[in-house]
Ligand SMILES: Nc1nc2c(ncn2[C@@H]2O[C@H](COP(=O)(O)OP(=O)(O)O)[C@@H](O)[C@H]2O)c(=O)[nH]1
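Here you get one chain, nothing else, as structure tokens; it is the form predicted on its own.
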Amino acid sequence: MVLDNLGSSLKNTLGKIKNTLTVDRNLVEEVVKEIQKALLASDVNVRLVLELTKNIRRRAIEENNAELTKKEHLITIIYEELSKFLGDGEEFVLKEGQNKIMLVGLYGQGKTTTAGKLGVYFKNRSKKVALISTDTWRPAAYEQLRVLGESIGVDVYGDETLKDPNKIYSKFEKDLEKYDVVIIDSAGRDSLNEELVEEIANLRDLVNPSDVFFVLGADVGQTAQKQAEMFKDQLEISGVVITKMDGTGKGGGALSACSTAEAPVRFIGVGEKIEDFERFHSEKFVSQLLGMGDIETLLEKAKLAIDEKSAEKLQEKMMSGNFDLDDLREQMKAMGKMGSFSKVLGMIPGMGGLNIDKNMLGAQEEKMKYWNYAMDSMTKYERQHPNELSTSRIKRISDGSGTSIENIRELLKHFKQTKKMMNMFKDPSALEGMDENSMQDPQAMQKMMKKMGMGKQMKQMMKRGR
């Protein structure tokens, strides 16, 4: 989950509201101060923070909502104002016909990596994608993009012998016509000077892109607003991609600054892996920050992580009670594709309030690597019949995989817990009353997990690192 410190602070604030007996002016003032401290710690501009919290204070005192309790209304106000503060809620969608997306930005902001991440993002959505390097300034820029494209299975174009970006694009213009999405990686500089503006403007006029994305590192903090405004004014950018959201506490500054500059954030980079890349939607982002989850994004990631046939096969095995270690391994593999544990849990409504230690989640992910080694050392029969693993078999598996006996026993315990959880879904009463609306409701999700014993089980598992 990005902006962990900000998210934790805001969730603690919501917890204070839920646990209070009455909602009065004193509570509103206390909540406003907590939100101010959280946002300022994430490097959001002081003026913007005061403006935001002024709106929260005014609405909380003046407004009434007959359909909600005072607590629910206050939480709703915080959610709505934060969402408005970070953007207009508009998600990026491809235009009809071929889309040409041109990436611009300064040195060191992650344009080339973003080109690869965008390539994978659209490839996973059944688009034929090509990348082209027009950066003639940075040494080995084309080679970096070529290697990246090869690793993700996306075609890359470029010519290191040419020193004119327009000539590079013109050379491959005909070849690029067969692709649904073409991503153009342009050159950068240390600052937005006349030379860079002229070079990018000339290339833009030749390419006629459907979108121009300004790539910005989250670590620039409050200076993001000035940079976003300059690029927007000089180069008519249609959106911003914020990178390095996982490695800084200043991401709140970059997000809010771009919104203030009226440069909509389209995507965010949330990790080092090529798939750690998401469309930005302010309401969904705030929902995750506040621990309310984002079931829509979670389901989309799950769909990309496991194909339909595999999902149907797994469902059949679950319903028949034949779930085995091979199925657990496939499940773990799919989870890995969806992102880290903390990111996935942050998208599940109701799970944000469990306050599971992120270090424990990381330890669990590390432990799962050794579980895979252990399963590699098992015979097919042993993976299909884990209940028959005797002490001598476990010892043999331990010796063959370099995994401790304790770790293997933890794997078997985790398997039993998972199978028990799967069996619960066979009981229609477990999902009684759950529909699309309640799936979006954190309180309804928490009730369902409590009914099934999942919340307590999850806490215990993570507490023990199992």
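Numbers follow the displayed sequence, beginning with 1. Everything quoted here is computed from the prediction, not taken from an experiment.
Keep in mind that the form predicted in complex with the named molecule is not shown, yet the notes after this line are about it.
At least one heavy atom of residue 107 is located within 4.5 Å of the named molecule in the predicted complex. When the named molecule is considered in the predicted complex, residue 244 lines it closely, a heavy atom lying within 4.5 Å.
Taking the partner from the other structure, the named molecule in the predicted complex has a heavy atom within 4.5 Å of a heavy atom of residue 271. The named molecule in the predicted complex comes within 4.5 Å of a heavy atom belonging to residue 117. Picking from 391-399, 373-381, 263-271, 196-204 the stretch near the named molecule in the predicted complex, with a 4.5 Å limit on heavy atoms, gives 263-271. Put simply, of 282, 113, 136, 210 only one has a heavy atom within 4.5 Å of the named molecule in the predicted complex, and it is 113. Note on contacts: among 364, 331, 144, 222, the single residue with a heavy atom within 4.5 Å of the named molecule in the predicted complex is 144.
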